[in-house]
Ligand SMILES: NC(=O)c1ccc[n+]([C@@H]2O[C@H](COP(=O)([O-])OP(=O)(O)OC[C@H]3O[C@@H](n4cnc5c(N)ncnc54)[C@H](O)[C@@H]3O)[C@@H](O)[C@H]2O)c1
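What follows is a single chain, given as structure tokens, in the form predicted alone.
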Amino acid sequence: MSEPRASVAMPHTRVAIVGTGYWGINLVRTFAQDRRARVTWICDRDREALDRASMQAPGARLSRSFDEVLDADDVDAVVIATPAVTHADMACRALAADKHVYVEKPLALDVAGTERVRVAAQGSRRLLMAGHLMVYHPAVEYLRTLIDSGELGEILYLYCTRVNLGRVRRDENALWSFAPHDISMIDYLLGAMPVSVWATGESYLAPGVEDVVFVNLKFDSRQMAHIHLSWLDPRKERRLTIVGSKKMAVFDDVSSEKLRIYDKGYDRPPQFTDFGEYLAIRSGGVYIPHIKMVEPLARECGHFLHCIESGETPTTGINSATRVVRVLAAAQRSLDQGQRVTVD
């Protein structure tokens, strides 16, 4: 009789999480709950933040030194959730230390920063992924499938609303804090870069920090996109509306019904005698698809771990992250100059 085979333990990706503040503690929780990962280090300058995060991953070692984390032998991947101004430098240092890198949005605060990270990533054996959360939302993935299948027809324009009466930031304006979500969704859904940007905004709460911003994007294909951003608004809204030549869709992340498909538009009969007959309004039904909801952050962190294991390129890898920063940088130039600018 043969001996029973011993079970083989699945390898874990050993993860260090740097930055455990408002968003970083969610990353600690999510990676700690994923069976493919083992959180070995948690790093933050704030001792109280470290202590709070340690409750999510009790076995992790605690440090207030980024250098100590990079020197550790039991770290395969570094997750960076520090202030945005530090992202590019810390990502480059982690890649140079031969670690896989997940860096929260935005990857950098200027195009030069993203190019430094790109060079570091290309010279490394490790992968880099940006934390563009909304790309991993099940409803956004469903929208991408609808667009690719042609069900919505030609995409004519879209607009996003991301507003709230929320936490006032001092180190970044509403553009850099909120717009990465919407720009990354637009990039993912349309698969095209805008050719020009016109952004306007105003600083009502803190001098020099725009808390209300409107962004208009223009594409080569005559497509348009509009983004409204604010943390000075009476309602919390997280909405994306897509208008196609066949159907229209609304993604409302605040609602329990995340996605609605509208069979509405204009039909063009093959024969007509005047313009009024030519354009006939079609007002069909509303379809609410069943979408299996999984926490977007869990999907995003799981994708990072999967790419480490498989060697696949992340959906929000260096190219995607660079495109988002290029649009953000152009929008910031437009804010500063008060005019439409070309996207580099």
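In case it trips you up, residue 1 is the first one in the sequence shown, and so on. No experiment lies behind these values; they were computed from the predicted model shown.
Below, we turn to the form predicted together with the named molecule, even though it does not appear here.
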Can you work out whether L335 and the named molecule are in contact in the predicted bound form, taking contact to mean some heavy atom pair no more than 4.5 Å apart? no
Is H87 one of the residues lying within 4.5 Å of the named molecule in the predicted bound form, judged by heavy atom distances? yes
Report yes if any heavy atom of D46 sits within 4.5 Å of a heavy atom of the named molecule in the predicted bound form; otherwise report no. yes
4.5 Å heavy atom contact, V18 to the named molecule in the predicted bound form: yes
Listed residue (A77, A81, V135, I147) with a non-hydrogen atom within 4.5 angstroms of the named molecule in the predicted bound form: A81
May I ask you to choose, among H228, K247, H100, H181, the residue with a heavy atom within 4.5 Å of the named molecule in the predicted bound form? H181
Every residue of G24, K105 and R167 near the named molecule in the predicted bound form, heavy atom within 4.5 Å: yes
Of 306-314, 46-54, 32-40, 288-296, the segment with heavy atoms within 4.5 Å of the named molecule in the predicted bound form is residues 46-54
